[in-house]
Ligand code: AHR
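Take a look at this one chain, the form predicted alone, written out in structure tokens.
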Amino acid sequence: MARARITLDRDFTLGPVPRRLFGSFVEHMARCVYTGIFEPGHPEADEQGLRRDVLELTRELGVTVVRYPGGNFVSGYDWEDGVGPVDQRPRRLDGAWHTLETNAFGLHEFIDWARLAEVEVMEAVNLGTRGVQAARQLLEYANHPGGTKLSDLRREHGAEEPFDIRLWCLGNEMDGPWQIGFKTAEEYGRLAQETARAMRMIDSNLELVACGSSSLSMPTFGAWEHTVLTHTYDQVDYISLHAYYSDNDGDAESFLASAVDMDRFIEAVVATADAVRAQGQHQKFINLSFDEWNVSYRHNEAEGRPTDAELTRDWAEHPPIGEGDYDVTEAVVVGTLLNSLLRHGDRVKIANQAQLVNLLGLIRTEEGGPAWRQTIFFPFAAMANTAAGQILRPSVTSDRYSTAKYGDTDVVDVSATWDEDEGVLALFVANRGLTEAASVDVVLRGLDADEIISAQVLTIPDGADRFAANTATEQPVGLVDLDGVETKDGNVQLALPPLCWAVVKLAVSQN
């Protein structure tokens, strides 16, 4: 049995839990929009064609902010195509995903969906094929009350009140050669700076996100962030990060340690941003927007489904690319990635799981059929609906195991929050051991554990293996009661099964 000791001190906090940490992402890609959140004629569709079953699951998830409309899609997108009478909107070729975009769903429909889903909108502007003028025109259309050509056009299109979008992304993955209109750091930095300045001339209270490098493995990483922030530091509030992890090489041990890579990625970007701050003698800090993150399916190829290239060869409408069933292992990794984001909540203020529905989705749907919760739904929902108050800084001593990619890694991974007003301590704990249970001692300082409010765990279901997944007809994986949680002398002891992610809520008092 693996062993770990976690020490949590009431006075060692990182700051309040950023509610935008529990964001997601809706892109015009695959079946995320069409037959995902929007499917006119579906038995669950409302009068606007929005799927009520998906809305209900989105609210259950506790999603707080949703990034839209891309993603790679945005770099070739003309926002004007998605407004006005639907029967007059143009059909376009989407070069990013080699699909046909009908534009039946656009800005107004997304705003309506976001209000029903009770989420904040995070809008991205096209800095690939367009730039300053299109961004400022979109802002005027969306946010100005009226009395101008574009704001009055919005009102003619049925939205009397402005959308009041506060949070904007200045493009997407602009250093990626796959990106329509990709740029050098100097080119993008200047364009982002000028776009930000022009947008702030219309509305000075916006929050703006500059594109960081597309991933930690990009040859541009580090130098890109430094150059872009040198240009944009005074005009933006956040720099973005993107990361996807997978077990496609069969190295489960390294895959389970993916959060180690996320930790290093975050800390490297923080260091770069702070170096630019020091060099430029700036007063404010640039925070981080981890606005794309997730794990990829291990078993896409084994399903015998057509490849994405085959599905998009003939410019299909919303083909089912990038779909699969998440298993237990992938859900545990998602839990540890959430732990990493929460542990860095002093600087990571926004995070968007990518994507909400179908394509790498927390939620899956069948066209004309049901919607259901993927395995990765459960750790996301548990943390989003439980983490509150202050983020505690954990001190962890854990047995370790070897990984090919990240060296020796803690078997036990943890994050924690303390809600002083409610007197609640929340623990989010993972056991990365594939076959070995873990015994965890949680030592509290300045707090006493008085009562166990709840304890749940996501792990391998009885009679299954770690590849168990949820489908339209069977959903064996979810949170179940965790036995073996005890309080003793104001502290806590946990017995964790192999390969699991657990959430434990404790009533605590201060001492």
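When you see a residue number, it is the position in the sequence shown, counting from 1. Here the structure is a predicted model, which is why all the values come from computation and not from measurement.
There is also a form predicted in complex with the ligand; it is not shown, and the following applies to it.
Chemist: Please name which of the stretches 378 to 386, 226 to 234, 241 to 249, 195 to 203 has residues with heavy atoms lying within 4.5 Å of the ligand in the predicted bound form.
Modeler: Comparing against the ligand in the predicted bound form, the contact stretch is 241 to 249.
Chemist: Residue 258: heavy atom within 4.5 Å of the ligand in the predicted bound form?
Modeler: No - in the predicted bound form, heavy atoms of residue 258 and the ligand never come within 4.5 Å of each other.
Chemist: Even though the partner isn't displayed, in the predicted bound form is residue 360 close enough to the ligand, meaning a heavy atom within 4.5 Å?
Modeler: So residue 360 counts as contacting the ligand.
Chemist: Is the gap between residue 457 and the ligand in the predicted bound form 4.5 Å or less for some heavy atom pair?
Modeler: Judged by the heavy-atom cut-off of 4.5 Å, residue 457 is well away from the ligand in the predicted bound form.
Chemist: So in the predicted bound form, is the ligand close enough to residue 173 to count as touching (4.5 Å, heavy atoms)?
Modeler: Contact with the ligand, yes.
Chemist: Could you tell me which one of 142, 412, 342, 354 places a heavy atom within 4.5 Å of the ligand in the predicted bound form?
Modeler: The residue from 142, 412, 342, 354 that makes the contact is 354.
Chemist: Between 72, 151, 272, 403, only one gets a heavy atom within 4.5 angstroms of the ligand in the predicted bound form; which residue is that?
Modeler: Comparing distances to the ligand in the predicted bound form, the residue within 4.5 Å is 72.
Chemist: Contact check in the predicted bound form: 25, 97 and 292 versus the ligand, with a cutoff of 4.5 Å between any heavy atoms. Do all three pass?
Modeler: All of them do, each having a heavy atom within 4.5 Å of the partner.
Chemist: Just to make sure I understand: among 255 to 284, which residues lie within 4.5 Å of the ligand in the predicted bound form, judging by heavy atoms?
Modeler: Stretch hits: zero.
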